[in-house]
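For reference, the chain that follows is the form predicted on its own, supplied as structure tokens.
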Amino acid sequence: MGISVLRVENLIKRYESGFALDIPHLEFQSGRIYGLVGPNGAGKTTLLNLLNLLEEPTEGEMFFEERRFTDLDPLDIRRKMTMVMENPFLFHTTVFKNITAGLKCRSVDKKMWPAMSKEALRTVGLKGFENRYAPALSRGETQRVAIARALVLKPEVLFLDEPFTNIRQRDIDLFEKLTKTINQEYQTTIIFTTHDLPQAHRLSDEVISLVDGRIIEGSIENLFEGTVEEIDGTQSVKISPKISVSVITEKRGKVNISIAPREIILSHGAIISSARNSFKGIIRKIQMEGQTVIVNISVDEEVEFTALITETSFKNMGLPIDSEIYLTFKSTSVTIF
């Protein structure tokens, strides 16, 4: 077990809207990469804001290197952590002045600025960009300058809030490599948020799933909200007007359910098995991830499932886009929370 750089205990953040972030325990080990995943409104950004002292918790305690935040000078903590927002703001001046803005605030010797700026730009792949006019940069370049501006401060913890949003695939590939590079070269603990679960697993030492302000153990893919119904002793969760998922539970009322993509069996026709859940759908998207194929299937206008199959199975089945497919999974494969 490594050194805990950040830890929270019984952390709660309530808002007037009724939403509450509620995390009994969570810790981040030094030098690791963590991916926070979950749907919109799950609490990912709220958690980053609390850890980075941009917001104060309603209840609970937070620790930095096993010392309570309340026992430390907030300024000292902030100097060791930096956050890059989803839509970073760059000053209307040169890239160099943007990158060195933090150094100026921290009264770093001006003689050191050029070398520090050059190193940060080299790391993010923007060597020679010092004199470029920042507002004229592309979306991907803007994001990289924002990361360089953070790196030049040599943070122990780097927070990235949706860093891969609204950029080209080429830039996404670059950012994924950059995330690994920063972690390895600087030994920086990185905590980032994303909606892309495969990406989170590619980059992270640990993936943390948030739903409705709480950490969950189940998959956040195939995540649905519904109401538990019981007919003739059989439980199901109605997730749309037409679709009910057979489950095994003692819960009642509104619940969230998830089905791990690997638990879903795909077939060209309905199969006879003990599995209670079987639906016919249309393949909408196919994505290759190494030797695994991610298949997105629309069952009706409101419900879409994600299944994972091997590359060999995919080739043997011959699954073109817009073709019909049956998906099957057991009631015991449904996680309820």
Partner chain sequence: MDYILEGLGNALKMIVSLDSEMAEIVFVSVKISTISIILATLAGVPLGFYVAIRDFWGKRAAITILNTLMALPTVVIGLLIYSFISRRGPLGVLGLLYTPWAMIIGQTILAFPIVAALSLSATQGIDKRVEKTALTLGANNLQTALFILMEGKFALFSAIIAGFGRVFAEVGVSMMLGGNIRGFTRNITTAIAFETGKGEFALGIALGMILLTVAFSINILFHYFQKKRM
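Just so you know, these numbers come straight off a predicted model, no measurement behind them. Residue numbers count along the first chain shown, from 1.
There is also a form predicted together with the partner chain; it is not shown, and the following applies to it.
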Specify the contacting stretch among 169-177, 103-111, 259-267, 191-199, defined as having any heavy atom within 4.5 Å of the partner chain in the predicted complex. 103-111
Counting only non-hydrogen atoms and a 4.5 angstroms cut-off, does residue 149 reach the partner chain in the predicted complex? yes
Can you check whether residue 231 is within 4.5 Å of the partner chain in the predicted complex, heavy atom basis? no
Does residue 271 make contact with the partner chain in the predicted complex, using a 4.5 Å heavy atom cut-off? no
With a cut-off of 4.5 Å between heavy atoms, is residue 54 one of the residues that contacts the partner chain in the predicted complex? yes
Looking in the predicted complex, is the partner chain within 4.5 Å of a heavy atom from each of 223, 242 and 337? no
The partner chain in the predicted complex has a heavy atom of only one listed residue within 4.5 Å, and of 127, 238, 78, 252 that residue is 78
Just to confirm, with a 4.5 Å cut-off on non-hydrogen atoms, which of 92, 154, 122, 132 contacts the partner chain in the predicted complex? 92
